[in-house]
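Just one chain follows, in the form predicted alone, and it is written as structure tokens.
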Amino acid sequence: MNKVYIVADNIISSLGFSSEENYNNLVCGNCGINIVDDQNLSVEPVPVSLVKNQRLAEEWSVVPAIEDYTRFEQLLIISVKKTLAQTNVNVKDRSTLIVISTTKGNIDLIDPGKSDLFPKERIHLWSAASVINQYFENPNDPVILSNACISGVMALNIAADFIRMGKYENVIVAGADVLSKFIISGFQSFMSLSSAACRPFDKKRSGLTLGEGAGCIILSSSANKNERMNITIEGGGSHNDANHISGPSREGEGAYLSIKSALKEAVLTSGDIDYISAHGTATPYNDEMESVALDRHGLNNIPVNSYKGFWGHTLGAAGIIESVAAILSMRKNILIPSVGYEEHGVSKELNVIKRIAEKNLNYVLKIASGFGGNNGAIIFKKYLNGDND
């Protein structure tokens, strides 16, 4: 089967419009979460991580467009264009596929004042995906993944399978979600939002923080020969623990099985993993469940972090932008601290990263969990050019 190489990537978030800009802010410890008092988003002030409107307008102003696009669509188009610009991939060729990851897509079109701006079908995920596909003139039907908060990780795993099986030479995996009153009020009804920036795995954590953004990763069956190193997807897995509509299995069963599947597909053991990018939402049950799943695999001593203390939970984009951040850590051999973590707050011992550190990172595990008992895992490997395997 074909190897699956990561040949380009992009992150758009409250911390910037490129992977490097975001990474530099992570290294500096800059947080993109702010208390926002906006009646269009929430009836009360709420901590969120928002893409800056002015920056989005500036970036969009140079994008060739002959029709109107929603905020969600603009973020996706910009992210894909920035990623494509790093490669020679022909998006108009049948050998290239577009996969889109999102939880709610154009859900903000139900807000008053927006419902009449676009055709009614635009609120459907298939319609938004078609709009993106048509913008880039891709000849294939787009694939759209919407499976709660594991959407991004699942999209990467499915895209990798397409390449392994030889169905496509290149797959563009793009994910995005935007915040609206509908989304924020939904999490408020669960009483799952923190009153301040979230604190994953910390004893004083009190809930998650929502964010918005977009990310893109281009996968290819061909390595980038001009790079000193290449990153591949070695394995993945997805399991549903069927525990509860919103609460995870207390035994971490789905996460445990997802990691087990990823390790098996990658032909690795837990001892091969150098670093873990956790889901880490900072809710009481999610973080506890992840600690149990990691403990069951004997991964307690492996450095682990959550990026959600920097830019919040970006929903359908999270698995992609957090994977990009983890890949950048691999390339630079740098461990990024888990912002907000001070005192250990889960029952199992974890090696939560508290400060910037250097470490040679060859294998990285990314995990994700979501409503409905969904869980996913993916493993990345670093190759230096010239390696034989």
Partner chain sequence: MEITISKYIKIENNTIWLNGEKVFSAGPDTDFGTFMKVLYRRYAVKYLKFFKMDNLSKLGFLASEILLAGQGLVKHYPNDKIGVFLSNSNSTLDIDQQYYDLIKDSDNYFPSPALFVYTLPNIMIGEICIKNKFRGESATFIMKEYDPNITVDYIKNLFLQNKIKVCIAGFVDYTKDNYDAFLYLAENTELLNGIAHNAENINNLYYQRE
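Numbering follows the first chain given and starts at 1. What you are looking at is a predicted structure, and each value in this text was computed from that prediction instead of being measured.
What comes next is about the form predicted together with its partner chain, which does not appear here.
Contact with its partner chain in the model of the complex holds for all three of Ile107, Phe187 and Ser246, each having a heavy atom within 4.5 Å. Heavy atoms within 4.5 Å of its partner chain in the model of the complex are found in exactly one of 290 to 298, 271 to 279, 81 to 89, 251 to 259, that being 251 to 259. Although the partner is absent here, Pro112 lies within 4.5 Å of its partner chain in the model of the complex, judged by heavy atoms.
Taking the partner from the other structure, its partner chain in the model of the complex has a heavy atom within 4.5 Å of a heavy atom of Asp141. In the model of the complex, its partner chain sits within 4.5 Å of a heavy atom belonging to Ser238. In the model of the complex, its partner chain stays beyond 4.5 Å of every heavy atom belonging to Val304.
Screening Ile35, Ala357, Cys28, Val43 for any heavy atom within 4.5 Å of its partner chain in the model of the complex leaves a single hit, Val43. Using a 4.5 Å cut-off on any heavy atom, the residues of 155 to 194 that reach its partner chain in the model of the complex are, in sequence order, Ile158, Asp161, Phe162, Met165, Lys167, Lys181, Phe182, Ile183, Ser185, Gly186, Phe187, Gln188, Ser189, Phe190.
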